[in-house]
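One chain comes next, on its own, written as structure tokens: the form predicted alone.
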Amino acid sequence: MQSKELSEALSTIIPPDRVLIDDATLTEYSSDMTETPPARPDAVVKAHTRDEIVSLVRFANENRVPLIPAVARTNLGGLCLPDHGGVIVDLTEMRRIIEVNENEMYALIEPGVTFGDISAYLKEKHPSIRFGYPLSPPYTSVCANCICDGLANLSMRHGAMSEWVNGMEVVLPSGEVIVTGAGAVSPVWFGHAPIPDLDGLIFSWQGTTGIVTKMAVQLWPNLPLRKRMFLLVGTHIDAFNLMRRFCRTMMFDDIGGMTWPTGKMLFGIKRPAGKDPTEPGAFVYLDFSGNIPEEIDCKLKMVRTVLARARAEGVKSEDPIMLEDIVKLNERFAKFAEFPTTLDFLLDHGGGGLTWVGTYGPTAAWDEAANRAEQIMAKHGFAPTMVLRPMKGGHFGVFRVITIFDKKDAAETERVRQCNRELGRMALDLGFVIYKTPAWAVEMMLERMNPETHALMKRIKKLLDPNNIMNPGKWKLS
């Protein structure tokens, strides 16, 4: 279907001012921050209602037009770029917070609701409860992060964000609308049990099985006292040792470990090239909360106890530094005082490129993964910027390697591409699994995936989407 004909047809479904085919818009939607090559859509539509999406999906089936759902389009390795042309369905303007249930502690939201939106709303209207926030900008989508198995600053307690979802309203590729979780039966969206759990048909399928139009996400009590602190640690191996010890105390909301380039970038060095031997090799971030001062004091005592035991066994670490004291020394660290926040040192470096290989896997493999990653990144000329976090009480962990680069430099972009592929293969060799999987990572994972599992995924995709209109090309399902 030609561009003008497509635009005219779409304008019978979506008001014409929200059907965009101009060159500037299509160029804007053709790329993300990563090294993924640009891919141009045929049109962009800005949906406002579930009924508009239903009509759009039915039109796409009749005319075999691919649909690519998108919200903030930030750093997702091409997941919101069209493999075969088609229409990007921008859900950004569906931003209603429909309900907050304080008693059952959940919020029912639309896909365009951002972490900034829900943070401001809860502070104003429901200060006794809180949500969790990732280290991504406040304008990113809550629903998108949940669907893609992202993480946040309460993932140490509660796991990947897909585990925070009580249920969803979803427009299937057929145009049918389903509700998952208790909300399919009850007016209260209290959880996904005890009916068959259909949420798995949506999570991590990269938009190939439907478009989410509502989601119920879990909230938690907002305790009145909170402490955040950093530990400067001799080596990244020492840092990982401490992180594993701290997560076994079961007292933290969040634990994170970051290698030395992250610290240098925080202090304003945009492209750190090396580390002085006297400088720390990593730092550990600890976040905990409580109801009364005595509870906080007890947790501070536990931090000192764990640290003393680790030092006795050879771990090199400075004493904890409270975040409020660090901010007095350098206001750049104020961004860690309250989430959601924008880590501007990753976004405003001048080159425009930001990519990462993100994985979940065994925390026991952190040490080897970090050592190998350091070698791979040095070979390709990049600083070993790594972020690691224990998840769900330490049952598994995040291992993520981040690279900033100049997207205008074709040679550097190709080095990034090769570096990421080496990092991905190394992580898979050590038992990690890549999340928010770009096409190259899918290919690597399929080499190792149980073939019957992949075959079942293909059958499910064919059943739900016989005309292959939903984000075709992702997960190699057709």
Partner chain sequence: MQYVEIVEPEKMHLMGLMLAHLFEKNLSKPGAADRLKSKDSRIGIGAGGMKITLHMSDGRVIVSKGFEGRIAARVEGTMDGFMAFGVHRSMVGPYLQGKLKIAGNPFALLPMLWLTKL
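Being a predicted model, the structure only gives us computed values, none of them experimental. Residue numbers count along the first chain shown, from 1.
Below: the form predicted together with the partner chain, not depicted.
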Q | Stretch in contact, per heavy atom within 4.5 angstroms of the partner chain in the predicted bound form, of 160-168, 95-103, 274-282, 144-152 | A | 274-282
Q | Contact at 264, 318 and 331 by the partner chain in the predicted bound form, all three, heavy atom at most 4.5 Å | A | yes
Q.
in the predicted bound form, is there a heavy atom of the partner chain that lies within 4.5 Å of any heavy atom of residue 325, even though the partner is absent here?
A. yes
Q.
At 4.5 Å between heavy atoms, is residue 269 in contact with the partner chain in the predicted bound form?
A. yes
Q | the partner chain contact at residue 223 in the predicted bound form, heavy atom, 4.5 Å | A | no
Q: Would you please decide whether residue 129 lies within 4.5 angstroms of the partner chain in the predicted bound form, comparing each non-hydrogen atom pair?
A: no
Q: Have a look at 122, 307, 387, 232 for me and say which one sits with a heavy atom within 4.5 Å of the partner chain in the predicted bound form.
A: 232
